[in-house]
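Next comes just one chain, in structure tokens: the form predicted on its own.
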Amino acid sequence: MAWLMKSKLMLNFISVALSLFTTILIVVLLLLIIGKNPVEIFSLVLSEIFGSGYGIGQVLFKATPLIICGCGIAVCFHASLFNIGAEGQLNAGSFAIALSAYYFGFLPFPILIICCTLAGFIVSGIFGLIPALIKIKKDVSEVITTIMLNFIILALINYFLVEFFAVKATMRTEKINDDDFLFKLSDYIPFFQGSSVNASFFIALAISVIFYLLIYKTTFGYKLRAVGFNQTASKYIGINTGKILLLSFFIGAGITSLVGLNYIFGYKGYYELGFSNNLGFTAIAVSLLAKNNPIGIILSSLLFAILDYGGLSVNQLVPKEIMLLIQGIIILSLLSIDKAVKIYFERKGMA
């Protein structure tokens, strides 16, 4: 068993490394075709990001919600559930967090943030249970139901925000108390002066570690991965597959709500419609690149954050959309190379 785990780890490492290398080669060729100097482009990106504490801080800030959301999606992936609804789920939970933070702002901060976290988790988790129940009862693909729920959730938020909770002439909720903000790293480390990275980055790291232990070191995690590997066999060994599917969707969707901690408690102080900017979809790519490993999600989130922030720095030379292109190439190359690597090692009798 230990040999099999090491073999799988090696295959995953080779697949990811080759996909990143292939992506770099393709991007270099594309830049040369359009008459741009790849060395100049990459040098500018690296200097803008790693040349100052502000650049590094902004990368950490952008990586924080990706780590959180990626971990939530990874839980579903381990159960072979393709959750496309993280965008709607994280917005629902963040909306609940913002309202709770404002209306219960009289509570002491430790109690307030716990209450807000629970409120957001439960709301997002409930929206995760809906496609899970439909899949269990009617065997309808969760891909379809979660995609459709994205539109329903965002429409509901839009209605309640505009009709009841929005500040006049805006698309945002009331701002929380200034005393209820999470501390920024720049408050204690001058190196990050000006950047938005805050305490929620450490919350994201803690979530990653906790989810790694949950998935790989607990009985629930074993059952989760067993169901993902083979539902029929899992039933025969006594695993309640329906319960595991419900729990995985509830936990996975619920944790996406904590993205709101970064934006509401650490940055703006309110919920704003459209704040996620398709974060839930980007997190799918983050989780896939990390092979759904919560520790690997930290690294892949940093990579995607670098691409996101780097797109702003190269906008003067090439369209910032070039970074979106890189993200797409990474995923496509990973999917194709992963299959090729598995076939190669199977033929060699090493997988």
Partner chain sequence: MDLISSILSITFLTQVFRMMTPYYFGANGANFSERGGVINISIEGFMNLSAFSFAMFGIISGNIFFSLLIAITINLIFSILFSWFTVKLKINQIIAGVGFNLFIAGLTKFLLMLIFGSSSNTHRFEGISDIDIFKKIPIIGGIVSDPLTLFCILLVFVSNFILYKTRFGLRLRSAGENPEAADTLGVRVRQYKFYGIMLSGILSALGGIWLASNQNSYSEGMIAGRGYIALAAMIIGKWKPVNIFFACLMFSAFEALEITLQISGTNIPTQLIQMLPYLITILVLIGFIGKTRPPAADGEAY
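Positions refer to the first chain, counted from 1. Bear in mind the structure is a predicted one, so any value in this text is a computation, not a measurement.
One more form of this protein exists, namely the form predicted together with the partner chain; it is left out here, but the text below deals with it.
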For this session: Although the partner chain is absent from this view, report whether Met10 comes within 4.5 Å of it in the predicted complex, heavy atoms only.
Result: no
Problem set entry | Leu18, heavy atom within 4.5 angstroms of the partner chain in the predicted complex | no
Exercise. Would Leu129 show up as a contact with the partner chain in the predicted complex if we use heavy atoms at 4.5 Å?
Worked result: no
For this session: State yes or no: in the predicted complex, is some non-hydrogen atom of Val209 no more than 4.5 angstroms from a non-hydrogen atom of the partner chain?
Result: no
Seminar exercise, completed: Counting only non-hydrogen atoms, the one stretch of 39 to 47, 294 to 302, 61 to 69, 311 to 319 within 4.5 angstroms of the partner chain in the predicted complex is 311 to 319
For this session: Identify whether the partner chain in the predicted complex is within 4.5 Å of every residue in the set Phe82, Ile144 and Leu332, based on non-hydrogen atoms.
Result: yes
Seminar exercise, completed: From Ile189, Ile237, Met148, Leu213: within 4.5 Å of the partner chain in the predicted complex by heavy atoms is Met148
Exercise. Which one of Ile114, Val140, Val167, Ala233 is close to the partner chain in the predicted complex, taking close to mean a heavy atom within 4.5 Å?
Worked result: Val140
